[in-house]
Ligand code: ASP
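Single chain ahead, written as structure tokens, the form predicted on its own.
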Amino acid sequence: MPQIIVITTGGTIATRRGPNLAGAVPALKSEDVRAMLPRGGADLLFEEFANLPSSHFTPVTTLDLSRRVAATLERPEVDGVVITHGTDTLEETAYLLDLTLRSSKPVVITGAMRAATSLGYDGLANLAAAVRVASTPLVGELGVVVVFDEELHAAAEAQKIHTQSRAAFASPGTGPLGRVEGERVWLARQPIGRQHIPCQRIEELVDLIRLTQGADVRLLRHSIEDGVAGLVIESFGGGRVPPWWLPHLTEAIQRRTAVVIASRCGAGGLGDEYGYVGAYHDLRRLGVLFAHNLSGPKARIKLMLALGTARGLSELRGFFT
């Protein structure tokens, strides 16, 4: 019987509404969750890392979690790890773990959209499915996997796409890696282009700005004048910005601010055939970095790790090639 360590961090899966509370708060302890799970299938051991809503997490917290998971995976008796997490920033935690962990053992992250005291609580079903996935050795080749509503999603691709639905996570543009059906785990494909960033520290001064029609440069100027180390721009389409943004992006690069372009579309590579001002060719000429197939929040996580690791511009560029 495989030994699976369940590391709890809080989130909706661990929340319930008390009689004197205005709303649900993290309250379930590991022993509460264990008591509700069916027996058999895996030897489960619960360890608490935190008991927080994921909106209270920071990348520094998540890097600490990565170190905790890495140490757990090194224990020879451990066959896999499941992490329970709030859904608000689950995709960012999953991606940071995927970039920083190196292990052949499965690492699975899951959560819930309903509190334990709500009708339709999905926490137990998601956790049981995650344990099933973590008990499947082949999953270790997939990197960190998000399991939600019986689907498996690659950490780099998973996005929360709905505020209320129990099927809140999807992989736009690619689809799930597989499904959990009863006691079986069906794998349809493997993620491609996975990377590893051997990070010991994280650069926290990285801003994310989402472009909108007619967006002025006030937020961009604020970031530049604050001297941030990195800047992620969620651009239009395949990598386009308004023409009045170009001089300011040029200044940012001249000040040695790392500028990364992602797409506000949330999925897909970057590049186009347009010749007008502000299109992809102008950004490439400026020397920005491109975060292909990454959402803005994930591109920010990657840049924070890369800036904390890279010893120069060439190495930094290598992480985004």
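The first residue of the sequence shown is number 1, and the count goes up from there. What you see is a predicted model; the values in this text were computed from it and never measured.
Not pictured, yet referred to below: the form predicted in complex with this ligand.
For the options G239, G86, G230, P176, the one in contact with this ligand in the predicted bound form, meaning a heavy atom within 4.5 Å, is G86. Proximity to this ligand in the predicted bound form, defined as a heavy atom within 4.5 Å, singles out one entry of L127, M113, A155, V185, which is M113. A residue is said to contact a partner when one of its heavy atoms sits within 4.5 Å of a partner heavy atom; S54 meets this definition for this ligand in the predicted bound form. Heavy atoms within 4.5 Å of this ligand in the predicted bound form are found in one stretch of 74-82, 242-250, 87-95, 193-201, which is 87-95.
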